[in-house]
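Encoded as structure tokens, the following chain is the form predicted alone, with no partner shown.
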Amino acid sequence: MTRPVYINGIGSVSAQKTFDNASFLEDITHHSDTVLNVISPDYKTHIPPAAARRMAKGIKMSMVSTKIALQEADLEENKIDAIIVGTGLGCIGDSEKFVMDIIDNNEQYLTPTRFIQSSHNTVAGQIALGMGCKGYNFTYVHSAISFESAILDAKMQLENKEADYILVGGVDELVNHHIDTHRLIGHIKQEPVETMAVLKSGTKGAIFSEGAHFFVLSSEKSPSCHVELVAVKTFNNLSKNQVSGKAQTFLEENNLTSDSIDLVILGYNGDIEFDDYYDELANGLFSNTAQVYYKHLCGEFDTASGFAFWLGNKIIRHQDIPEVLRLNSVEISEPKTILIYNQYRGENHSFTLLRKC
């Protein structure tokens, strides 16, 4: 019999005040811009200041998110058997700075720190060093399904009894060159948009952002656990008219129908060229199901679906759907089964199924 996968601890650093696990979107931060930075927690309460000064932003966000997740799971750091991270860009800030140093210094007198911290697997490595974890350490760089790839790996390891406790997460940071490049090619909105009205913008591109979301997964259910990870499935390419069929097949593979889903979380980002992928589900298969969206709160980035994963956990734990998330007026008093669907610019589609346990 396949072992269940429980989500025992969750941690989030995002463009909202999600680093406080005691609350759930009670204090919404409104933005009016084309790019959103995270609301930084007090890093010195989680990381020694001397160490924090040498860390890239993505590493600091991840360290805090990790500590919050472990604290909620009431788990000692030495209990973690594996660390799996998904990231679209890795520590791109240090990569940028290292290349600029090469140019500015004519390839002379370079310090190795930025080079060491510039690789994609720096985050997973730094977390492992911090907690003394010598186990499986892996980083997935799969664009907009990087987080789902990490979750899927962790799920299979737990099901196959290869580990008992796994720390898994997704992280991406913003840097100026990345912003400038994506603005130039039209992936970022040209004009500032009030984030709460992003779906009414009627323009191309998204509001870019950053964030870190980490979770403690285990086949053992802790007292803090309310949610089970049921299934994850990804697709590289789907046409718009394939989305509903793939969603239906995904549910059938897990002995469910569309009527079994209490809530669907959709990754609308206000890009008029690609939001109609979500319309396929919102106006079709799940037209009578409660629907929410989230990228008006956290922005768009390669691992933004980590925020949706955090959101699904919080909704099930609190048995409440904040009004700021709602897409339609369908009411559900006790959300127990949640489907998350995400895609980016018509590629890298993912379905994730969460259930109350």
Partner chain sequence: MTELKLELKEKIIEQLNLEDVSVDDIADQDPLFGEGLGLDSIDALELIVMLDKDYGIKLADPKEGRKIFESVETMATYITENRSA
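Every value quoted in this text rests on a predicted model; they were computed, and no experiment measured them. Positions refer to the first chain, counted from 1.
One more form of this protein should be noted, the form predicted together with its partner chain, which is absent from this view; the next part is about it.
- Only one segment in the set 104-112, 76-84, 274-282, 236-244 has residues whose heavy atoms sit within 4.5 Å of its partner chain in the model of the complex; it is 104-112.
- Though the partner is left out of this view, Lys295 does not reach within 4.5 Å of its partner chain in the model of the complex, counting heavy atoms only.
- For the stretch 132-146, the set of residues having any non-hydrogen atom within 4.5 angstroms of its partner chain in the model of the complex is empty.
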